[in-house]
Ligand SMILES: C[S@@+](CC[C@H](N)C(=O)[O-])C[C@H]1O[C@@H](n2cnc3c(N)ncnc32)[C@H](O)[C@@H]1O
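There is one chain below, alone, in structure tokens, taken in the form predicted alone.
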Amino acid sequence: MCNISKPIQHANVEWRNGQPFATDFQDVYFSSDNGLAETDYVFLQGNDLLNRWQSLTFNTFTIFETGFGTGLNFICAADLWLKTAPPAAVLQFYSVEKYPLTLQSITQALQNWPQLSTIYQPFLYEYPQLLQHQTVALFNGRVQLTLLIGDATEQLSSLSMNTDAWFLDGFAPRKNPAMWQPALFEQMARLSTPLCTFATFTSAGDVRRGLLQAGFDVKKQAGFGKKREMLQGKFVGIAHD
């Protein structure tokens, strides 16, 4: 029987002061204060990636992100990896996105940061292939990017892998409640290594409680920009009586 893939439903994007805005979710893709600094603070520092990669003792490191968006988190992670990780090690970056941006939109978004052009230009060249074939290798194989298109929980439930760090992104829980569900946190726990960490821009109570219930140690930290607090932590497993 022929397996016909579903056509991709791209995101509906408005442009406000040169920055993308998701029409369907009525939310921004990244902080209007400084998207680059937000990614660094929330996801790179939130998962302590600089220190972990400088002292890496194994050959692969796996990040899983919910909400690929403009690809900014991936671009920043790849940039830090290439600068700090051992040359023989491979970053496996997985991301799930229900409504991927078109090539035109993602190109326009990333052009906000010309200082990262050496990272995002090779990515943009491969982006059409990524949408069709899910996985591409970049930077002489030092980075492997997999983009899964569809519902986050459904995509995670079909995988078997070991995740070292979670970028829990996506639109705000009140704007995108379908994603931020206990079932998602349970799948995160199933796929986490014993030393796995997570970080997210939100401090929503339902998210905090859901992560705790799934077996994560959760701490509140000062948020980025206008956000008062964010969450970060690590997987500790679920206590049994």
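Counting begins at 1, following the sequence as shown. Owing to the predicted nature of the structure, the values given are computational and were not obtained by experimental measurement.
Keep in mind that the form predicted in complex with the ligand is not shown, yet the notes after this line are about it.
**Q** What stretch, of 190-198, 44-52, 62-70, 207-215, brings heavy atoms to within 4.5 Å of the ligand in the predicted complex?
**A** Of the options given, it is 62-70.
**Q** Is it the case that Ala37, Thr202 and Gly233 all touch the ligand in the predicted complex, with a non-hydrogen atom of each within 4.5 angstroms?
**A** No.
**Q** Which pick from Trp81, Phe171, Tyr94, Phe123 sits with a heavy atom within 4.5 Å of the ligand in the predicted complex?
**A** The residue from Trp81, Phe171, Tyr94, Phe123 that makes the contact is Phe171.
**Q** Is Phe21 near the ligand? Define near as a heavy atom within 4.5 Å, in the predicted complex.
**A** No, Phe21 stays farther than 4.5 Å from the ligand in the predicted complex.
**Q** Looking in the predicted complex, any heavy atom of Tyr29 within 4.5 Å of the ligand?
**A** Judged by the heavy-atom cut-off of 4.5 Å, Tyr29 is in contact with the ligand in the predicted complex.
**Q** Give a yes or no for Tyr99: in the predicted complex, does one of its heavy atoms lie within 4.5 Å of a heavy atom belonging to the ligand?
**A** Contact with the ligand, yes.
**Q** Answer with yes or no whether Gly150 is in contact with the ligand in the predicted complex, where contact means some heavy atom within 4.5 Å.
**A** Looking in the predicted complex, residue contacts with the ligand include Gly150, since a heavy atom lies within 4.5 Å.
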